[in-house]
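Quick setup: one chain, the form predicted on its own, written in structure tokens, and binding and motion questions come after.
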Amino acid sequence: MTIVPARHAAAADETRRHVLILGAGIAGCSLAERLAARGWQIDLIDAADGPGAGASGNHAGVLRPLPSLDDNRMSRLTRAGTLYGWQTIERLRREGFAPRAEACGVLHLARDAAQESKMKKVADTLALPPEQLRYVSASEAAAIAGCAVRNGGWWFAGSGWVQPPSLCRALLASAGAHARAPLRTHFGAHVERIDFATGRWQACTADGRLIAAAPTLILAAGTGITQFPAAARLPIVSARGQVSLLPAAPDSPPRVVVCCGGYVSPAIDGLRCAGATFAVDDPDPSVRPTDHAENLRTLDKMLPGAGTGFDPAQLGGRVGFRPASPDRLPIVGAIDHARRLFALSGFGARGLVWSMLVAEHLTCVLEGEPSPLTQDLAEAIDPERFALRPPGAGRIDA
């Protein structure tokens, strides 16, 4: 696999600083905001009526890292993504484009005593600043959450929840305000075909109508990315996730985000978000009571009694389909260097954690600037990594 470091990549000349982005979820909106800040002309296309309507449409998502004892690539990428993500949110707030988000803290509780011991060892070994990672006992975790817990675990004091659709809107508002070239959005546009002719990518409807065209194409279309022949070789699968919306009084516990095989948010506008299921190749878009029941069981394992008293048949919720990769890492980079075709996908359940960081990385690659990622992490997410693996290698996990 050949990776061209961002510092060696040729910056796009002005005649090519026009990009077509397919997908207006967090990934596509993050990329639009970063490219607009560099003066690119952007055409952003999505089949929905507005941004953040697909897998990025949940009531609340979690923005926090996932540590490991060996500080592996997943650990470093999620830590970098979390830090960059909260920095981006603070920047948007300073600009006056505040997304709905709160760094209330995230508790990641252990499943049992054995895992709790391992989590303590991870925190001790990494020795990160306490606002990034700290081990807490069950009694301290209960005091933080404001309710009973079964075990201790990790406390991410600087992390919290984000409402993804509001983040998408804030990113596009910032992009529009700072763009030196037009930011054109095409919502309600169904791309059925992409063609490359005379040095430009063309996005067309089923009847052949041209929606938009540009010399550079970036596919950020979630699970829909592989419907296009140019990206069909990417090993992306669809992972169905259902979240449950639980009625909750203001300031009721838990007052922070709690995770353990799933997650639950604090009360936000009278609703608590709990989930999410993870089912590969399950195309059912309907909200299912059986999945609500699964989310309630997961919640009760995290917080004793918190999942009782709800009727799964009466709960609201939402289903999203997330593009997942075999090694659980994102797929970001060129899939056709010569024709300037790029992918921004494979986030699985961590789109909120990774999208803003890797959008900056891809922008740096396009601009010929130094990337925020180290070379090994850039290689770890490059689409070409799968050319080195036999078909079917790896597994899909949450």
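Residue numbers here begin at 1 and follow the sequence given. No experiment lies behind these values; they were computed from the predicted model shown.
There is another form of the same protein, the form predicted together with a small molecule; it is not shown, and what comes next is about it.
Considering the small molecule in the predicted complex, the lone stretch of 357 to 365, 22 to 30, 35 to 43, 333 to 341 in range is 22 to 30 [heavy atom distance within 4.5 Å].
No residue of the trio L246, A248 and G317 has any heavy atom within 4.5 Å of the small molecule in the predicted complex. In the predicted complex, at least one heavy atom of V191 sits within 4.5 Å of a heavy atom of the small molecule. The closest non-hydrogen atom of S174 lies beyond 4.5 Å of the small molecule in the predicted complex. Among residues of the shown chain, F156 is not one whose heavy atoms approach the small molecule to within 4.5 Å in the predicted complex.
The shortest heavy atom separation between G54 and the small molecule in the predicted complex is within 4.5 Å. Screening S137, S166, Q227, S75 for any heavy atom within 4.5 Å of the small molecule in the predicted complex leaves a single hit, Q227. For the options L217, A221, L299, A141, the one in contact with the small molecule in the predicted complex, meaning a heavy atom within 4.5 Å, is A221.
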